[in-house]
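Coming up is one lone chain in structure tokens, specifically the form predicted on its own.
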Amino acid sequence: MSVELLFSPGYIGAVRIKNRIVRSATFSGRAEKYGSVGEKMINFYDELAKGGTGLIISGFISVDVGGTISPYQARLDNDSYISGQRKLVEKVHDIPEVKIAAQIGHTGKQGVHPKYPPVAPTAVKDKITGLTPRKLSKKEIEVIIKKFVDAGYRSYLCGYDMVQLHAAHGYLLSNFISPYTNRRDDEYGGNIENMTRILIMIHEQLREKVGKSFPIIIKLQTQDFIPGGLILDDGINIAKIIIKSGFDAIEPSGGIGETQIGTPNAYPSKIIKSTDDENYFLAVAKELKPFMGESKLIMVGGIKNPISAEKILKNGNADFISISRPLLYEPDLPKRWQSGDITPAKCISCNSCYLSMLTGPTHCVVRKKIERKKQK
């Protein structure tokens, strides 16, 4: 079967992407200590760019020192980080037609920084960290909005082709759109419109700075998979508000840190044991796509087979296909598929990569073992 559509160009806003393959954002842990960009990080993205991916979405770049996952997470909370980030973007752009987006975010309720207690819309204890975040005041929310806008503008100055807001997986922006973590009764809570307000304000203020030709996209929580959390019906309604506000693309996702409790096969790190487990956000994409209008839908979630990806695109269920774990095993996977070898990704979805990020740079443990054997 041909995978012609998968390797046809597409647009997000005014930006042309050479194919429909997107590298979904993944924390790499390869920044220098305290968030600057060095050779390790540049080499990591250079390998991805050479592998044939059309659009690379960077790992989560923090908008605030208190919103970092690790000392080795990239940051853009002040201008000192621009020069390093610019070098990374230039390296990626050395590969013809490869585009790169900066994903910006804040840990929110799931924060574990030793010097900066976690913050959230409401003080709801996190069952993974054991910490109770401090409730943000309205003035502090305004400061957070400015931090996102400033970091987004810095990504524009660095030469990134677009920016993605991280509003999923239990981090700060997704805390606002979930009834589990947002129990406010002011203009930032109480109903879906108010809970989504922070996302719209960031978009509007950033758009004023970067103009219409620089795409602003979003990784959007559509369901939490926990009791009392965000459910899909409300997630779809939130997406409709996002689309109407003018975001150029949505990558719908789901699951938070606490989803893992008592759920061995939980999102967003689902273990895939058979083809039935693949494409696990396809139902969400099908429900959301009719409302997308000019905004593009980037489908993520267990996509490993190029034939399945081609079918999803041909059926009009998505505009782009986003993958992550398979590219840790095979950074050159898109090139392999385009060359005619359309066997599924070699990644076995064992989630060893998910665990590796807890102790060092995120990597495929299986790939590393194979490389060590070859060296012997």
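As the structure is a prediction and not an experimental result, all values here were calculated from the model. Don't overthink the numbering: it's just position in the shown sequence, from 1.
As for the form predicted together with a small molecule, it is not shown, yet the points below apply to it.
- In short, of 31-39, 334-342, 48-56, 315-323 it is 315-323 that has heavy atoms within 4.5 Å of the small molecule in the predicted bound form.
- Contact annotation for residue 302: at least one heavy atom lies within 4.5 Å of the small molecule in the predicted bound form.
- The shortest heavy atom separation between residue 280 and the small molecule in the predicted bound form is within 4.5 Å.
- The small molecule is not drawn, but in the predicted bound form it has a heavy atom within 4.5 Å of residue 362.
- Of the heavy atoms in residue 15, none are within 4.5 Å of the small molecule in the predicted bound form.
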